[in-house]
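What follows is a pair of forms of the same protein chain, given separately as structure tokens and numbered structure 1 and structure 2.
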Structure 1
């Protein structure tokens, strides 16, 4: 007996609008302008993305610091089957990248062909979107620098 399975679209989403606040907002505004903005933590380290509170002491943070759009890979993993919504449609590396001038790293996709080309310590440069709107998608991914 043939059985038809009924299906219906059901998207999981967060249907609220929220303010990003002064620090994360500055980071997002920076992305729109093609800049990467961090914040100086209680111990002097520069956190990127900029965050509102120190992750160790919980102090309010306020000193914004612009860092470079070049940096180094601090760890990585290879994604050979990209899923819907991920930054690239072809295989890429997930990486934590510490931008030059920053002390912490953030998650980015690295468009580098195959897994043999990337390693911890590799130098990378941001690839920016042509039209930027103030979201994380303004930073498309990174490319390896020779």
Structure 2
């Protein structure tokens, strides 16, 4: 017995645009200007990247805080074979970096040569793009500090 298979074309797409809003917009503008911008939460913690709402109280947040472009690796994973579109074309670490002056960590690529050179607690510094436009790509990656 032969039956026809019912099919329907379907494409996955995002047919909307999202504005960055005041907090994420400030974070992106900061990146353009070579600065890391966070926001102070209701409990006093500084969240980086800046977020719109407090993660505990859900209140709107508005107190922007500039933190350093140096920080500490809180955890990391080695990427032996970078894929197209990733920040670096050679092996690198993905790391959660807590910027100096922040209380939360942000995912950043760390250009450090090989896995033996990075560790939890390692000090890093941001490497900025030569030409910045206000996108996440303005922060190329981090480099290890001595």
Partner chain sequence: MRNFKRPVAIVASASFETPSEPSRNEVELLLPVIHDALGQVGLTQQDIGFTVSGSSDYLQGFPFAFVGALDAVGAWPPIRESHLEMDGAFALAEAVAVLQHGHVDTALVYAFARPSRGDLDRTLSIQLDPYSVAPLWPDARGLAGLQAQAMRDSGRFDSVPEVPPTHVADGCTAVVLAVGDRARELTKTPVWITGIDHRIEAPALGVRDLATSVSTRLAAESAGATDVDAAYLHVLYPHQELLLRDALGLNGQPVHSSAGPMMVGGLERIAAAAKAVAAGDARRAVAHATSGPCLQQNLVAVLDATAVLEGAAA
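Numbering follows the first chain given and starts at 1. Heads up, when I say rigid core I mean the largest set of C-alphas that superpose within 1.5 Å between the two forms. Note that the coordinates shown come from a computational prediction; the quantities given were computed from them, not determined experimentally.
(request) Pick out the form predicted alone: structure 1 or structure 2. (result) Only structure 2 fits here, because that chain is the form predicted alone.
(request) Please check if residue 137 moves between the two structures, taking a CA shift of 2 Å or more relative to the superposed core as movement. (result) Superposed on the core, residue 137 moves its C-alpha less than 2 Å between the two structures.
(request) Could the core-superposed CA displacement of residue 13 between the two structures be given in angstrom, to one decimal? (result) Once the two forms are fitted on their core, the shift reads 6.1 Å.
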